[in-house]
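Single chain ahead, by itself, as structure tokens, in the form predicted on its own.
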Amino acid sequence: MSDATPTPTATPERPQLPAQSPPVDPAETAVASNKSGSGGKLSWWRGDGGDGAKRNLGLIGVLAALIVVGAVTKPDLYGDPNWVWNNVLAILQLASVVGVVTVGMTFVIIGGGIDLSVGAIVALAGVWCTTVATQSYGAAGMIFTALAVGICVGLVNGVLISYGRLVPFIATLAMLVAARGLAASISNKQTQVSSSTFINDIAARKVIGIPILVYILGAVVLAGWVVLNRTTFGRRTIAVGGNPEAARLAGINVRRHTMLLYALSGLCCGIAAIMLTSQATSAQAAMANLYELDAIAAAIIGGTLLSGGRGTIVGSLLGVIIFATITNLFAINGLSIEAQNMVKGGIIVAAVLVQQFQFKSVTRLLARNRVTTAT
């Protein structure tokens, strides 16, 4: 018998699976696609990346139209250069407090939320920082208290919305009522006078002829612009607001990020509380009434989508200035506040209608034109 050597059987090779690519931040993808678009000098204007610039130019045109209206109705006042300069400073000072609140509101709305409690948070922070116990620690203690109260209340909103799964409208509406009630309880429904000279002088002092409140507004706007446009936090905010599920699959902690957005809004409210307390040299539970509506309206006018995913800090600032200019025009022409509120309401409705028309009609038309040009 011959020894039969078994023939080795060839084992089939396992197909090599392609390496799994790491998660990609959808905001990074959007930025890359904008950069790889048409590379002409006017690509920022013709492409989607230029939408913000076009809207801001439109808002500047609205401001110019309001100035023309003022010059026509009050030519004697607008003919005086000194009065015009002082009036510009008055408008900026009028817009400063609401402008700071609007920066935080813009982040929240871009992130897909809404905050109806900002006015109440400003009131609570203002009342808490002007109690006798807090004022005993001086100006530093008052500023720290206002900022801490704003951040803590904002975090409560964020936790209720992110981890409690409450609708932002309901959670912040409940906080609006609760914060107003707590402010009234702390102040015993009385006006609390600020005895800090440093705090009171913030609204009264000027540097190079410009009020300090305007500098604070500029610093907050600049910081907000940098965070939104030049940091990962800003890109993730846009991603979370545009598509939360895609952002989650890309590795973004949507819940934590949403919570931080409301904390940021609370921080802006704390800053606004110090500014408003300085203007009035006092604080009460009824202060900052309807600030939430002014902030939301300014953000919408500035091009921020209520559905989230898009918005600009510069546009929101222009929206605040437009509303402050309208208020100024009504005041110098002796018109009533009721008429002013009706005009504001009409502007908000018109802005929302323009947004819907732009994204349902104009975008499709531009897409067809691009396909036609490419072929």
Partner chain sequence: MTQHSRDLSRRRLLFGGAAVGAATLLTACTSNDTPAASTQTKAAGNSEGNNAPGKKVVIGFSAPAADHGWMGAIHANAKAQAAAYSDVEFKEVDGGSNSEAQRSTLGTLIAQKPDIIVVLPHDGKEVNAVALQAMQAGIPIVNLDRAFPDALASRLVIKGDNYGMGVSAGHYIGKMLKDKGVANPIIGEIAGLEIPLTVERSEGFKAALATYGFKVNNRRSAEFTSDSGQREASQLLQALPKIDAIWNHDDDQGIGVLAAIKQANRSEFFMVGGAGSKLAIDAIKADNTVLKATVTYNPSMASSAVSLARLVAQGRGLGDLTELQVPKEVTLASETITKENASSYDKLGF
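Every value quoted in this text rests on a predicted model; they were computed, and no experiment measured them. Positions refer to the first chain, counted from 1.
Same protein, other form: the form predicted in complex with the partner chain, not shown, and the subject of what follows.
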From the list Gln279, Gln135, Ser162, Thr145, which entry has a heavy atom within 4.5 Å of the partner chain in the model of the complex? Gln279
Of these, Ser195, Asn253, Thr232, Asn86, which has a heavy atom no more than 4.5 Å from the partner chain in the model of the complex? Asn86
Wondering, does Asn328 line up within 4.5 Å of the partner chain in the model of the complex on heavy atoms? yes
With the partner left out here, check for me: in the model of the complex, does some heavy atom of Leu57 sit within 4.5 Å of the partner chain? no
Taking 4.5 angstroms as the cut-off for heavy atoms, does Thr131 touch the partner chain in the model of the complex? no
Within 4.5 Å, heavy atoms only: does Ser307 come near the partner chain in the model of the complex? no
Within 4.5 Å of the partner chain in the model of the complex, counting heavy atoms only, one of 76-84, 298-306, 214-222, 263-271 shows up; tell me which. 76-84
Restricting to 178-200, the residues within 4.5 Å of the partner chain in the model of the complex through any heavy atom are Ala184, Lys189, Gln190, Thr191, Val193
